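A lone chain, given as structure tokens: the form predicted alone.
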């Protein structure tokens, strides 16, 4: 029987522990928080979007690496796993799956039931100090004594939402064992904008599409809710764009978000509207077409005199400038919010140093990785939790059936 220590009692850690125990290992979880599964409770606005029915390799930054794992334990296997524990899936738009109860706590509860059924000890408020490998066994020194094992699984998470315990400590553990860390940044996060209109627009929400421009080139387009904030922009559309926006900004490139206030198919209708409403002011002509709070900023960015200017007094060029903004209103990205509000982490333990079939280290036999501690991140919509289940399953299974090093 392999002795397995799992450091981290989050999504990936609990999956790894349960899988290892089901396959004959003697398992223990070391968790720094006073309870396990804390970050899960915050996912999906408390509802827990625990997987995506359509998850595929193209939804991740390292498709070749995640492909093997998703083929062995993908969305269907995750849904079945949780159904066996009592979670009935509620599938919503774009394949997003939630518990039928619409409570993230349901996911944590069924994990706790299964951990108890399998008699897996969970040691909470344990701060790992050092990890060493001696005589083919791992020695983990903590604030609550020493733990030893044949196999060790690092499932410490990334740095996103540090209030949940994801403070990046796993990177130091990995480096102490010889691994390298790819640059770490927040992902699925809000963006800051350089605009004088943010105070006026704060709180305005629309459902539309946004285009990410990097050095004037369109890179990515997404469509969903967009929310203006006091410092920038948010909403599901922006969260999907945030990864590439963050990396481009960090690389010193010129980054812009183009907002389509109106669908392209309405261009002719807008041209006709301005022609028919020439006796009205710009404000009157746009009322009922776009949110009223957009009108003042649009007029200013188009370089027009005032919202009270008559449409009939606008030149052809001025009308074109106004129309162009309605269909592609550019905002310069001036930064991004940090890990405190991010949902995922870019970067982590370098992928070439990990076996994609087993999640075992290519440098240290018996060391495994699971979840966000690795340089793997996915789109918003259940994909990152799916990777937690996939990698946790592979690490748990592989550590349980591994031959002991003697």
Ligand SMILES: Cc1cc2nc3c(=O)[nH]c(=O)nc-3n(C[C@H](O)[C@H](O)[C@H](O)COP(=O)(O)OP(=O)(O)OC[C@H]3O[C@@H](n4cnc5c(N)ncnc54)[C@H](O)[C@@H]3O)c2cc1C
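Note that the structure is predicted; figures quoted are calculated from it, not measured. Residue numbers count along the first chain shown, from 1.
Beyond the structure shown, there is the form predicted in complex with the ligand, which is absent from this document and is the topic of what follows.
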* Structure fact -> Checking 299, 128, 257, 325 against the ligand in the predicted complex, the residue with a non-hydrogen atom inside 4.5 angstroms turns out to be 128
* Asked: If contact means any heavy atom within 4.5 Å, which of 166 to 174, 77 to 85, 275 to 283, 241 to 249 contacts the ligand in the predicted complex?
  -> 166 to 174
* How about residue 17: is it within 4.5 Å of the ligand in the predicted complex, going by heavy atoms? -> no
* **Partner proximity in the predicted complex: residue 395 to the ligand, non-hydrogen atom cutoff 4.5 Å** => no
* Asked: Would residue 343 count as a contact of the ligand in the predicted complex, using a 4.5 angstroms cut-off between non-hydrogen atoms?
  -> yes
* To do: Please run the contact check for residue 49 against the ligand in the predicted complex: heavy atoms, 4.5 angstroms, yes or no?
  => yes
* Asked: Are all three residues 12, 30 and 156 in contact with the ligand in the predicted complex, where contact means a non-hydrogen atom within 4.5 Å?
  -> yes
